[in-house]
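Here we start with a single chain on its own, the form predicted alone, put down as structure tokens.
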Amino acid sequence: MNNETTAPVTVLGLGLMGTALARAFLKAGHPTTVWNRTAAKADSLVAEGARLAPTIGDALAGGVTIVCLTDYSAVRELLGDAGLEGTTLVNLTSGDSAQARETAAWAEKQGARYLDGAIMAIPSSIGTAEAVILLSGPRPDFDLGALGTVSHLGEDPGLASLYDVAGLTMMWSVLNAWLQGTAMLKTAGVDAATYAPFAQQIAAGVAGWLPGYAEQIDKGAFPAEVSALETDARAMAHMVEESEALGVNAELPKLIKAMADRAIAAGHGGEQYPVLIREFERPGE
């Protein structure tokens, strides 16, 4: 990888995230060109040293081009007639894996070198180690370290989007579980701030199980080394009953138990919790 920190870069799209990306490049010493449909959005960056490209064609004439727009349709619309031969595009626009693969094939037909990516961060964290930037497609030969912690996931251009969605699944699942517990404890006068440290401890403990559970999933064998799924299902029933008794929404615990019940009915009650992967792999009814 080229570690030259002064390599030129272009950023297309200056929403909150695009502006943060451009500002991080400027701070790291990259000659930075910017373009936005509404040119006035570039004013603050120009004042900080960025160059405003008058046209898309001019913007693409530089080095690596970072694209951060509203969706993949906007990317195709913007770049459709721009002339991509010889350009390197890093598309950090949010979308799904099918869109990423389709856009990669389209860009490559136009003569571009294309990487897809996902930003696992909020704008204010861009430029710090906490900002995780996922890339997939051809292995990059340029340095995007100015943006945060960059991880190349593989040659498949859809991987970054898949990891993005998988990460969001983790995020919302953890938050929803915490909100469920918070709602239950509030009925006893325990506030969210009091419960939060205990919830953090539980979340960290569960996270520690993941490597071992991953081994079971990859081997396709789920020996009950800690507890059997049928034992877990009894605890899930308590969670449903307690929520209902407290007058708290029980949809989430009922969903969790329904999946466990299906796995038990399929003969997996004596296996360990990760056997539920087979329920997650099934298409919804």
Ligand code: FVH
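These numbers come from a predicted model, not from an experiment. Quick note: we count residues from 1 along the sequence shown, nothing fancier.
Not on display, but discussed next: the form predicted together with the named molecule.
In the model of the complex, no heavy atom of Gln180 sits within 4.5 Å of the named molecule. By the criterion of a heavy atom within 4.5 Å, Lys41 is counted among the residues contacting the named molecule in the model of the complex. At least one heavy atom of Ala74 is located within 4.5 Å of the named molecule in the model of the complex. In the model of the complex, the named molecule lies within 4.5 Å of some heavy atom of Ser94.
Proximity to the named molecule in the model of the complex, taken as a non-hydrogen atom within 4.5 angstroms, holds for one residue of Leu60, Leu69, Leu229, Ala50, which is Leu69. For the candidate set Ala199, Ala121, Leu153, Leu84, a heavy atom within 4.5 Å of the named molecule in the model of the complex is found for exactly one residue, namely Ala121. Of the candidate stretches 33-41, 251-259, 230-238, 214-222, only 33-41 contains residues with a heavy atom within 4.5 Å of the named molecule in the model of the complex. Annotation for 204-227: no interface residues with the named molecule in the model of the complex [heavy atom within 4.5 Å].
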